[in-house]
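This document starts with two versions of one protein chain, written out as structure tokens and named structure 1 and structure 2.
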Structure 1
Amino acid sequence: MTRLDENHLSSGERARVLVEALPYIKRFHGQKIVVKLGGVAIEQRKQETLLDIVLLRYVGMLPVLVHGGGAEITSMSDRLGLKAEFKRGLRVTDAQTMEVVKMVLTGKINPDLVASLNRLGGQAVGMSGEDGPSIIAEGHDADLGFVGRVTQVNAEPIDALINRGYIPVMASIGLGYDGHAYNINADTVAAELAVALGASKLILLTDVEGVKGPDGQVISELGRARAEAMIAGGQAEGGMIPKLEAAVRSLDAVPYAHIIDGRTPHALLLELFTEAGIGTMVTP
């Protein structure tokens, strides 16, 4: 562990941070935490975020990462001369595009995250839902092609790796009974994995401060009923809807779901080990 810059805290201040953190560290020992990486957390804060993940594993938590990768898919599709088409905000994914999705997620973003975690001292193993297979999917709209939703999760191969000390990193792709691969929203995959693994927390790292109320303030704690009302009533803005849906879905089995700001350095540590927490906690 390289030495950090001097931070001018008194021993009393340091002691108080530790006295506050230790009970949380105990509470989560041996617990599975599913973290969805996205946006800034995966781009500009990548080193800090992945260091946090490695530290979580150090103190006995069992983190599982999930990622998608929209921007890089678009860029590679362009290079290969595939014309992008969107319907209802979703990319129409024909067979050729799906091939690109697999190559980018499984063949580029996933191994890059894995290699970075390994360099930071973690032991990561990349997977997609086709491995095992661990995520069974089906198409949800005929005109969107290979865009799918999760129908079943097989946690066994993921658990096998967790139990041997590895950090699984999962690309958001599922295998259909028809033998085709499907592209699935990564928030959804994270929620389904959290349920199937019996995780203690689902944490979605986003590019906003949290879920905001009508007054523009971040809501610290959001009950399931109110979250469902926000989805149904249209108060939730575009990109927040699948996140709220994922959070609500996970509550079927997971005690807490968190939507937090991936732009804050070490957002994960602050959420998990300080009393205040950050962002929005969605509760049953």
Structure 2
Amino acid sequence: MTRLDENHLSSGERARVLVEALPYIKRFHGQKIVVKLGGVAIEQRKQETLLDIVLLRYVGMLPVLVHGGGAEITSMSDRLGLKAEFKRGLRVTDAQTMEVVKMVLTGKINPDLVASLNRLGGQAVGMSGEDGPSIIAEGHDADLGFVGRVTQVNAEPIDALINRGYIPVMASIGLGYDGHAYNINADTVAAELAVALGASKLILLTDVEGVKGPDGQVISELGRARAEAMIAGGQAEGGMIPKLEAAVRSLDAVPYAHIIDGRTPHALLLELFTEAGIGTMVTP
């Protein structure tokens, strides 16, 4: 059997699946899990992924969901005649593009995710880094426009939601000291939140199987030093650069970071509740 198919599992096999999950449920009960949702996980696997999030909350874990929306931002930009440009894996964001980013992230994707979580039985509240403000940012580089780097996280409003039983859903926008909104890579936001909240895990859902080595095979466990070497040596390219940087950054305070394939049905459950897991685990 190459995949878990509930329609072909015996009652004994179903019981073994639940028993295998028990140690992980016990281990992470009451622990914060920061999950970054983007790309295919939103476009094709939203229902399964959000069901996973609700399940985590019901078994006693404390999920925090961070989302981007690159594909929808690009689509909206194209419709408005704004050409998307990327440098070093980051979207160049002028003033017009920043308005599109806010419109898509806080006006469409965030409320859609919140509504879906609530329909599935979760209690979710949407926010962006401007709320609170919870994420303070500054300009990344002049040639990137209103692309920000996180300089401070105010965890208090997020913790207040968690303590009241809510699932925070965070759009990756920060507030600058200059009063401007900044577009921040969602992987980066997730890593900074994981550090500030003292999370037990950071999980980055992406549209590849994981981090691949020179032989093209997925690296199941990646040490921090090797991850840093891959970034510095150019082995990581495009969108994988901010993901690896985020994973490495989170290890300052988070025990494990995971880069997993959001195209896989119920990828979160497979990573958290099975011994084998999926994707790449980045460790200190």
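Between two forms, the rigid core is defined as the largest C-alpha subset superposing within 1.5 Å. Just so we're on the same page, residue numbers count up from 1 along structure 1's sequence. Computed from a predicted model, the values in this text were never measured in an experiment.
Both panels show the same chain in isolation, but it is structure 1 that comes from the form predicted in complex with another copy of the chain. Once the rigid core is used as the reference frame, the Cα position of Ala15 differs between structures 1 and 2 by 2 Å or more. The Cα position of Asn110 differs by less than 2 Å between structures 1 and 2 after fitting on the rigid core. A displacement of less than 2 angstroms separates the C-alpha positions of Thr188 between structures 1 and 2, with the rigid core held in common. Once the rigid core is matched between structures 1 and 2, the CA atom of Ala95 is found 2.7 Å away.
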